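Only one chain is included here, represented as structure tokens and corresponding to the form predicted on its own.
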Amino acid sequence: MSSDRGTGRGVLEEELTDLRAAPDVPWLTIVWNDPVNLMNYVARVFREYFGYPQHEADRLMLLVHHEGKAVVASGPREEMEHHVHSMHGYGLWATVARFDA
């Protein structure tokens, strides 16, 4: 492990400290397009699970369909991981990503 000359702290240690200092940095739940699920099913999942109104659920579903993915939620990492797990339970392909502005 390399270290900073002035502090004696390793680069990896600094990165881990930065992550611990800001654990609730915005994270994203991303739903990806797949060849299995019908568009109306995906929109229904967005309405039922996230509580989106019909027009927003349809807009997100169309992003998934046409763009290949859509960000369906953002927030603390643990919450986004829970959403991803739930999306997998519905048979949707979803991942967590860190928000980088």
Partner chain sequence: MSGASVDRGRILVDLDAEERRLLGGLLQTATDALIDTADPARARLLPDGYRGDADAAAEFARYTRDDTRRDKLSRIGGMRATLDAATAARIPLDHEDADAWARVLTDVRVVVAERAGIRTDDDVPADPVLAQLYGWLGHLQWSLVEALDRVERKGRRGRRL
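All values reported here derive from a predicted model rather than from experimental measurement. Positions refer to the first chain, counted from 1.
Same protein, other form: the form predicted in complex with its partner chain, not shown, and the subject of what follows.
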{"query": "Contact of Ser74 with its partner chain in the predicted complex (heavy atom, 4.5 Å)", "finding": "no"}
{"query": "Partner proximity in the predicted complex: Asp34 to its partner chain, non-hydrogen atom cutoff 4.5 Å", "finding": "yes"}
{"query": "Partner contact for Leu63 in the predicted complex: its partner chain, 4.5 angstroms, heavy atom", "finding": "no"}
{"query": "Any non-hydrogen atom of Phe50 within 4.5 angstroms of its partner chain in the predicted complex", "finding": "no"}
